[in-house]
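Take a look at this single chain in structure tokens; it is the form predicted on its own.
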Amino acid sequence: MDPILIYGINALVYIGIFAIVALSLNAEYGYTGLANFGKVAFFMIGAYSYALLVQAGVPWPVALALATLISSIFGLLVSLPAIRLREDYLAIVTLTFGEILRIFIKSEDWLANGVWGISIPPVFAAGNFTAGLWMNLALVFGLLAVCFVFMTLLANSPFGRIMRALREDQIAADAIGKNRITYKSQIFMIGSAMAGLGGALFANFVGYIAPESFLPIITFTIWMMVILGGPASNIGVIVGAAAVQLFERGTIILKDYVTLPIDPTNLQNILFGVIIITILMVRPSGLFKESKINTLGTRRAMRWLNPSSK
């Protein structure tokens, strides 16, 4: 198989995985205004849950579903004390949780082999690298499509309107009888489940995970995808995930052809910072504007207001 094609498929799989995680942050931050700076923690929970379950002999589709469920339960447990805090304190608590979890995994060796990590046996076409690559691509993009449809339906549902109401004015949401704690916990569970699904797909694809695979930079990369693509736009965050992944890979390739005055990793981080500052100053809504609510009621109202649009 052509090495360039292999590299291209590999890049697409990574784009698909991180697009799922970016959609999960979009549910929490884009639609609801919940600043989760511990996104990597739920990504890591999904990856380790999947790896341990597959090692224990659980069939991989069941392991994938259980890893998603376990991540959502952790999301609920973390949200119960943290969700009552102000947005800035919520960000600090979730960031701290991610680091505590990584250090815990790194320090122990009875559960996940500590710093040595875990190997995950291939579940697709063992021994046939090309077939395994294509099957991973199909699996990741199939689940990305499911997550995208789910998020689109959720954003246009009554639940989605409450999410936007909580983001815009929590007191007004309280005034109409919506329990903000309950709704925020549910949203945190949904976001954590999708992040866990992304982590499980990541573990399945790379075949080996260790604590150093889950550094805080992953959280900031996912934030970059959402800010660049456009919060509260599902299409936008997928485009943002693709743009950030391609940019990362482009700068890595560039160092092989251009002599750089500084370390390529540092240059990459500097360029990321410049891009984010530019986006926030020039177009704070991101590349794509927030998607409008599209329900049967809104379509009827628009037709009533503008009969010529029929």
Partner chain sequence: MNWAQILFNSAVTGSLYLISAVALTLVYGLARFPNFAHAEIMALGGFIGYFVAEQLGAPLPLAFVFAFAVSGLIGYLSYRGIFKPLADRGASLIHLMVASMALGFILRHSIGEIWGFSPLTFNIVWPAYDVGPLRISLNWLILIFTAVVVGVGLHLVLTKTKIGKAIRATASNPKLALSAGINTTRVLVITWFVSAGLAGIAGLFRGVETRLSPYLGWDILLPTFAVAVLGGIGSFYGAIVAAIIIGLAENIGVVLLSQAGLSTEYRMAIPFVILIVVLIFRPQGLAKAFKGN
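Residue numbers count along the first chain shown, from 1. The shown structure was predicted, so the numbers you read here are calculated from the model rather than taken from an experiment.
The same protein also exists as the form predicted together with its partner chain; that form is not shown, yet it is the one meant from here on.
With its partner chain left out of view, the stretch that reaches within 4.5 Å of it through heavy atoms in the predicted bound form is, among 63 to 71, 279 to 287, 246 to 254, 48 to 56, 279 to 287. Residues 152, 159 and 177 are none of them found to lie within 4.5 Å of its partner chain in the predicted bound form, as judged by heavy atom distances. Contact with its partner chain in the predicted bound form, judged by any heavy atom within 4.5 Å, is made by just one of 206, 100, 235, 137: 100. With the partner omitted here, the residue from 85, 210, 76, 131 that has a non-hydrogen atom within 4.5 angstroms of its partner chain in the predicted bound form is 85. By the criterion of a heavy atom within 4.5 Å, residue 89 is counted among the residues contacting its partner chain in the predicted bound form.
Shown alone here, residue 228 lies farther than 4.5 Å from its partner chain in the predicted bound form, counting heavy atoms only. Contact check for residue 120: no non-hydrogen atom falls within 4.5 Å of its partner chain in the predicted bound form. With a 4.5 Å cutoff on heavy atoms, residue 262 counts as touching its partner chain in the predicted bound form. Taking a 4.5 Å heavy atom cutoff to its partner chain in the predicted bound form, none of the residues in 160 to 178 make contact.
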